[in-house]
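Only one chain is shown below, in structure tokens, and it's the form predicted on its own.
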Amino acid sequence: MINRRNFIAQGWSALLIALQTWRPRKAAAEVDYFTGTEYVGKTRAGRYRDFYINYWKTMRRIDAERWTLQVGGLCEQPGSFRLEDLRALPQKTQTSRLKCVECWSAKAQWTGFHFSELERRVKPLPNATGALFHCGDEYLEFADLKSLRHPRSLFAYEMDGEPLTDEHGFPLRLVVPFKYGYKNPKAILKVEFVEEAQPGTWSRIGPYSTDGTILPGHDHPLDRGKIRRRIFGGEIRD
């Protein structure tokens, strides 16, 4: 028969053994489901641990030979542009950081062209206030003309000296470093000039503003070990 004293002693022995043999469980590793397939989607595995990939929906990789950027809506000269047409525009390179509402950020060097180069070719009408971006993953986002005309805004087709990967928005993405990542659409198929501001995909389904300007708060930069730091709103200048 086990008396009360023996029962307690055995209980403590079992607890000590459990504490000595316990090891913290590692978080489940991210799985890359898309490398080597004809699809691309959200991932944080492999090299993308240093610059997370978010997509609205899993999408088929874009064929560079068949892709064209369609530009229309409220403009005088709607048109279609091949990637080589866009690469022929005056080039601009800048280093900037993408800041996500999930509180991480990552930095890259981007190469592309400024909105003014596109604007002078298609000539938005006076009643156009901005543009809707239609993307390969069915993502939709709005950018006002003031933001597009900002000197730090850029249509990018290269990242860190290489053509954009499918994961990072091939063949064309918008980089607006003073706006949260959801205002930086990628895998762009069409630019549609419109009269009124409209909420984009994330603004319609979540607590995200149509404006999307980065607010004061905190950041966990992936390239700095996610060490928390204070930010003061607007573009994060390193």
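The structure displayed is predicted, hence computed values, not measured ones. Numbers follow the displayed sequence, beginning with 1.
Although not depicted, the form predicted in complex with a small molecule is the subject of the following passage.
The small molecule is not shown here, and in the predicted complex it never comes within 4.5 Å of any heavy atom of F178. Under a 4.5 angstroms non-hydrogen atom cutoff, the small molecule in the predicted complex has N54 among its neighbouring residues. Contact check for H168: a heavy atom falls within 4.5 Å of the small molecule in the predicted complex. In the predicted complex, at least one heavy atom of N184 sits within 4.5 Å of the small molecule. Between the small molecule and the residues F115, Y139, Y157, F142, the one pair within 4.5 Å by heavy atoms in the predicted complex involves Y139.
When the small molecule is considered in the predicted complex, only one residue from L148, C135, A128, V71 comes within 4.5 Å through any heavy atom, namely C135. Note that among 149-157, 82-90, 100-108, 115-123, the stretch whose heavy atoms approach the small molecule to within 4.5 Å in the predicted complex is 100-108.
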